[in-house]
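One protein chain, two forms: both are listed below as structure tokens, the first as structure 1 and the second as structure 2.
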Structure 1
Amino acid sequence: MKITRRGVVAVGIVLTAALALAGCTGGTSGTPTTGTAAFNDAVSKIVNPSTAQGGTVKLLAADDCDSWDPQRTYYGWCWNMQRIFTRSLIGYETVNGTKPVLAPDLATDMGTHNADFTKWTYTLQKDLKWSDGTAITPMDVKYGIERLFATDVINGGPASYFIATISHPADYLGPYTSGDLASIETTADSITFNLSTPYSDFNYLMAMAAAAPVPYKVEGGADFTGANYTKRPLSSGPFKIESYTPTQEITFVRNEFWKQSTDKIRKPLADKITLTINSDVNDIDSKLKAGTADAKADNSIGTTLQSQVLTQPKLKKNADNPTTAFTRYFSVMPSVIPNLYCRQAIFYATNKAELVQAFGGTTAGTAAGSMTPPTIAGYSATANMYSTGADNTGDLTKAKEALKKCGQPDGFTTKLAYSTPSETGPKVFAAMQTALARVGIKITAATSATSSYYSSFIGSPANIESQGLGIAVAAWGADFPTGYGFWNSIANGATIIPAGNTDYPSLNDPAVNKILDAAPAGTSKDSDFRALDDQVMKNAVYLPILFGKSLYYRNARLTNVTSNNALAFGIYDFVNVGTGGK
């Protein structure tokens, strides 16, 4: 999943998850609660448990979501926001700690499957309704997933999982062009998926925002179908969208047709949740410190507030710095830098120590030697194919040797892309510019707004080549907590698409594809993903920078606060947060 962090990176992160707050304490089953907040408490606890209803949760973000359409969004923080107003067949009852736990959501149970995991059937709960009062039906679930096949209209999201898994004719192009998909069968209360390949972890797909229902053929109304559904998506969750002005604000109020009796995952308390878009990161931090805003919805706090939080106990007790399953990296593009040794020179010359500081220091993470993050199958603490020295400042001797092999002993020129607005983007660029200049590689900046950076700037192979984007800042978190959930969307050649592409360097390595294509059957071992990581690194297209952490700040007035760090996006669980009724 794409995870935006200070407007610089995106991870592909995470799932449409939700937290089950149990009983009157407001805590997850088996999750400790605490009434006296302390630093990092929300990582594994429910902070300030309460049952008080009412009030408005006030959130800020530096930019708008990539999309509010559940099938199109891929930013991790936007998957978190989707939990506020959308539901799917399966969700998560535990999102903090170290292990997320799946649970039924719209479905009555975890589904049934045949012996080889090629057929999955789910029964919908009774009395489920949209925010306009109409019934949510199996056809709505089917239609939402069919939309993922219309990649010319519904692009940018994690469609590749569904297209690679659900049986369909080669010429099926989604409901707008090809109508209904016969391999997804429905009755009055059930839905059955016939798969083209065994998939033992299919429930992980059903827990994604992309698996959320969409009103069959009606969508959001006559002017809000297809690509325009993002402007007025209907709600199946406890909140609905009251108003939305793109790039400015979105307001959620309670959905009067949602029933607590049908939702064992969410226990909402607030009457309203507002999200204000504010590109001034210093102003955001000022509002958070003053208590006029409750939290950032999209990423970690700014560097000025970070230093204050870490040195002032009164602020630090309301902050959290979880490690989550995502990796910050540079994508190095073969279409622009085709010579392997030229790409390797970039790897060796990179100063990861300076880049860690540019991203915020140790609160942002630790230098990474390979792509697979901790907690994901295939991770190795010692893997480091392109060592940048004991101090992580770069190996200039090896960089110069690689430049000679690529026929550019004096270096070459390329562009480095990052998204705006961004506090860290210019710092990352400056650090990389200085590091590469030591061996004669000159870079210039190429920027794009965060809202389009991943969909049409570096998410378009054609644009990468035409703009000459040799290096791009990015990050990726596991779409779900498996090796396949981390790697498939960024490394399987079958996922490459013209727009909204997440395999940014268009990697299409048969050895990598073979491992990923075999993974859904459930027979892959950790060693297979360790071999996959090594094979990807041999291609020198993904340059790992650090394994990610983020520093979050929560207003002391918030109740029932926990972090989603068991999943890749790690932000607070806003659907269940309260304000003490104020």
Structure 2
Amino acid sequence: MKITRRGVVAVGIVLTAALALAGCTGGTSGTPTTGTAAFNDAVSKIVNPSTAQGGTVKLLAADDCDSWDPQRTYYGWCWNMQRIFTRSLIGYETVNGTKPVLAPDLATDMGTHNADFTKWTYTLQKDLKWSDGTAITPMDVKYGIERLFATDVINGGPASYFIATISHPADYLGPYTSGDLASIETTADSITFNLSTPYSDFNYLMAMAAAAPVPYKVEGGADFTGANYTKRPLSSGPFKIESYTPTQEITFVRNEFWKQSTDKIRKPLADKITLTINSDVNDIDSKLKAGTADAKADNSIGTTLQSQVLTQPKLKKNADNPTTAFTRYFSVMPSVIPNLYCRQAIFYATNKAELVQAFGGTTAGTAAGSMTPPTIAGYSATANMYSTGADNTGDLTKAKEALKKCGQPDGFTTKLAYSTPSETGPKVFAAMQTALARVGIKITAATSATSSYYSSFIGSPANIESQGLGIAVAAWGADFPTGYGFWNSIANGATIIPAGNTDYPSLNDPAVNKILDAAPAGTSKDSDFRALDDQVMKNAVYLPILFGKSLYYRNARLTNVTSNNALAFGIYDFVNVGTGGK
């Protein structure tokens, strides 16, 4: 039985039903071209292109998703998993490489907006259905977004973008307590958002899983609404959840109500996708190496497999090391080290070459000279305001000059904060301690459990000051790949809050704020974000270390594999992956 893509569309329901009955995965003559792939092939190409349908993709992860509720998840890899079974108005058509491209998903086009980007209207495609057969309506889309305002129940997701953007009464707390949100208008086939502020990047918000529809008022049924929707979220995408045991396993099978004709960005091949949670990283490594699992869905492969992959060519050809959309950096706190030159001394004395090692070696990233990562507008490969020398080990002459200007020629003492337990944190600390000691700057460690580190440890400006945390280890990846998306939460003085803050050094520079405040109007050019980066760097509060890379491993049998850099730090775009029918 030859299965072409068009054939699937035509016989979708019949086919899946037949397969379910027969309990087989379907034979195929679409021979996959396995065996020719090379290292890094999935970074910007599609490995083993194939149209062969059927088979089960077996994924592993060390931990369960933070949530399967589209409105409540915030892990990149979980957004990638959401792409398997949820759709939103807009989606990503191109996910690999460094320039992700948006495309209409549930919507018919990229939406229309008024001149100042405060009113956005989208029309839904016809014939869209939930996995229970009911129609997906504009009301469902509206309801999903309203849920984000119910922060007491629907927490954990990127709700603050929507709350800061969409007009709402000051006391609006979502559909459960405050009912309907008038600023989102719906007709039978369209939806209009009235914003409280111009927002030219609004399509990127609409491409988040958080903007996915949820069945209006019904959600997943009486037992699976609100906080419990995560246990049985309904599917609008090509796969639906067949079974889910929290912290153990989730299984996706094809959603017979999804139609290929309505979906331009997904071309699913597999019949089934399983994600097994396995807390033993060594065990995951073994299974990947043995080929009994297809890929690790959540993160880089384990330390052991990494070193084996890098030294054994037969393993290496199945691995990818994409540059991903995040920057590792130190936040250097002006509230603790008020003198600009003292902070600059830290910048110059830093040994980035060793820090790259401490973060995992050359496969973990490349030394960064500025904050903007390669996927974001304003990136420059050469920008390096505080050059640390040709070998990136530090410019001690300049560091000492800066210390003199600061009035502390013999150095000073401060603390370096990192979260525990962490494999890299202690090594980063040791590297930094050795590097700064060269110019007389002494550091001691200040640690906090990961769960409170970002919320109340370095996320609290008051705590930074009271504990004297001069330097803090941090990483930042934009929630959506635009200059504004990258910078606003970490550099706009208006976003500083007393806890759960993301502008760790409390940067509040009028020149920076001005560029960011103008950005939503849609007139900002790449050069504006380049200038923004320079202006931020002048403050010497963000010390970029490296542009992150991750090392992933794909089973040789997988077809149509490519890296998803739009949502998930370069992990494979699993919705489109096939197994060659096996």
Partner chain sequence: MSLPMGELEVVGESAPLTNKTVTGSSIVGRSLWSIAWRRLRKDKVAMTAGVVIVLLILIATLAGPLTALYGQNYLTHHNLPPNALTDSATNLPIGDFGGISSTHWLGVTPVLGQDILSLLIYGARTSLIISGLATALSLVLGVTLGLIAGYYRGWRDTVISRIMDVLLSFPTLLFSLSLIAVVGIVNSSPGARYAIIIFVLGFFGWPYIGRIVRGQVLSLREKEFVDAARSLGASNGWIMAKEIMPNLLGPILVYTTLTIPNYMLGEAGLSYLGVGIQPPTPSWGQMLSDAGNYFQVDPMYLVLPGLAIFISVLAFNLFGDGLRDALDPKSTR
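Residue numbering: structure 1 sequence, from 1. Bear in mind that the values here come from a model prediction, so they are computed numbers and not experimental data. We call the rigid core whatever largest set of C-alpha positions still superposes within 1.5 Å between the two forms.
- Of the two copies shown, the second one, structure 2, is the form predicted in complex with the partner chain.
- When two forms of a protein are overlaid on their rigid core, residues whose CA moves 2 Å or more are considered shifted, and Asp127 is not one of them between structures 1 and 2.
- Core-superposed comparison between structures 1 and 2: the CA of Thr562 stays below a 2 Å shift.
- Between-form comparison between structures 1 and 2 treats the chain as two rigid units and finds the smaller unit turned 26° relative to the larger, from C-alpha superpositions.
- Core fit done between structures 1 and 2; CA of Pro520 shifted by 2.4 Å.
- For Tyr454, the Cα shift between structures 1 and 2 is 7.7 Å when the rigid core is held fixed in the overlay.
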